[in-house]
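Just the one chain here, laid out as structure tokens, in the form predicted alone.
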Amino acid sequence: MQALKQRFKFLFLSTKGLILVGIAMCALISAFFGMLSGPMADFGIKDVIVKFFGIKLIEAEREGRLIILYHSIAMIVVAIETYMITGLLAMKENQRLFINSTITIGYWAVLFGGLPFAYWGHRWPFHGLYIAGLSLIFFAGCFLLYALFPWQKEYKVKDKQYAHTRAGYSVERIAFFVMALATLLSSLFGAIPGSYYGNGFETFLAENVVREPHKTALDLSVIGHLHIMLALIAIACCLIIGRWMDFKGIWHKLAMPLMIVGSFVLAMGTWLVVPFETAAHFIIYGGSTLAMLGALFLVIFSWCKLIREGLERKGIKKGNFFQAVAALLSDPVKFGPTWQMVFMNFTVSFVGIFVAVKLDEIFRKWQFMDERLILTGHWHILATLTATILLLYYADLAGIKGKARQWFGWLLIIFSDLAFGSVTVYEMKRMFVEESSQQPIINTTTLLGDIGLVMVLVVLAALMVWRLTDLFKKKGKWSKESQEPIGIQVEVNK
């Protein structure tokens, strides 16, 4: 009994344990419901899974099922980022414990309410549990916002290398606060249309209505909600990586104001989509550019730091270009998150901006399915790339070392980028291949994308097996980690 209590304490009270449980649940859900995808249907696996587990797939309800599935996975990711924030930023222990426990109960209610309701018959108590879980997550977010309040004397900056106001308040903490506030307000963008179910509003997928000339305010609200929540999850990820990398100095002082203004302007532009659909997009572009510039400054700082530390480990005071590159690449787990941010520009940011600028001139002249592919790929790549960044951070947090660290880091980076690069080529193929000659590139990119994603899942499975089997050891890593204080201890007056 004592052993079970210790394991429970590790899994549901410590930052490392909470993140581990969240990643494990996300991996299980992705793997299981991935069996219902198109490629699995081609192999006949989908039919076996549906029959064996008694899943009810009514075609007319497909959009509703996907919305609940996406929200279930998204709530786990939001919870994981929350655990990371409460572990990395200074706050009172009772605040950290309350936030973590509330959001954990919330996302578990979402999973065990929403997924049975969507895939195993519409038993409405499950839907009520799903809504209650979403409400708990929102409430945990409100308390997180309160805990992050930056204008408190105990959180003033002492080390002047970190961005700060004239009064000494942390600009980085203000950036976290603004991001959390924008996230809470933007969640209402989806909650309001949801409250109109049964009163004239029906579920739809945003990529299916992109060419409809007239969209209702609720339609625009849902589309805006999708965009802003993904963007804010990515911004939160960027802030987390900056905190982990001990981002400071001149680049930090330049980046944090950009992240604050970028988050606010991006969110405001998205909210204005409802009354001013066309004009609001220019505001969104401005906010995105500012946030991306702040991320670029993080990349510059991080790479300079990794090169400096890598050369120091080899005893080199001033290396040449090739030695600097070798030092930069010496630790893939540390290099990977910022590299993925750079790679994201080529598969998400630049593609999205180009499509928006040339929408009427090029893409609206294509068949609808070709434009729909770009939208679907754009959102999925952004979400999954962000997930790989968080996964690399967790690998370091979990203590992966030696050859396992090298294998894990490089396999995750190489094969995820192979998958996302292939999907990008697939979705943009009409730009450089005639419609009548598309099949070879479709076959190639589909195969490479599948190989990349499968390898990412294998690498993730290996990490999960390593950490979960450790729980069966009497004196495994978990036993030491369960004795650590809740959350990563950070100096209050940093």
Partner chain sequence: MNKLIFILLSLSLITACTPVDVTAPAPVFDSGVDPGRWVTIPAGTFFSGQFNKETNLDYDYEIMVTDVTNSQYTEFLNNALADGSIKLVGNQIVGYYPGDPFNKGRHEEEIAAGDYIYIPIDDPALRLSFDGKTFQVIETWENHPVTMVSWFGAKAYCEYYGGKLPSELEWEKAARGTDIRPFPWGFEIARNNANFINSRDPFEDNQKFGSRTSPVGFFNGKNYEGYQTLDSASPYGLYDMAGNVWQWTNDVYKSQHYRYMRGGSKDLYQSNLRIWVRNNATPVFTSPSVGFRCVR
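Numbering follows the first chain given and starts at 1. All figures in this text were calculated on a predicted structure; none of them were measured in a lab.
The form predicted in complex with its partner chain is left out here; the points below concern that form.
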Inset, instruction - Have a look at Asp159, Glu93, Glu212, Glu312 for me and say which one sits with a heavy atom within 4.5 Å of its partner chain in the predicted complex. - result: Glu212
Legend entry - Position in contact with its partner chain when the complex is considered in the predicted complex, options Arg123, Lys403, Arg364, Lys318, heavy atoms within 4.5 Å: Arg364
Inset, instruction - Given that the partner is absent here, state which listed stretch (301 to 309, 100 to 108, 403 to 411, 175 to 183) has heavy atoms within 4.5 Å of its partner chain in the predicted complex. - result: 403 to 411
Inset, instruction - Report yes if any heavy atom of Met369 sits within 4.5 Å of a heavy atom of its partner chain in the predicted complex; otherwise report no. - result: yes
Inset, instruction - May I ask you to check whether Arg62 falls inside a 4.5 Å heavy atom distance of its partner chain in the predicted complex? - result: yes
Inset, instruction - Decide whether His281 counts as a contact residue for its partner chain in the predicted complex under a heavy atom distance cut-off of 4.5 Å. - result: yes
Legend entry - Exercise: Val351 in contact with its partner chain in the predicted complex, heavy atom 4.5 Å: no
Inset, instruction - Check each residue of 426 to 448 against its partner chain in the predicted complex and list those with a heavy atom within 4.5 Å, in sequence order. - result: Arg430, Glu434, Glu435, Ser436, Ser437, Gln439, Pro440, Asn443, Thr444, Leu447, Leu448
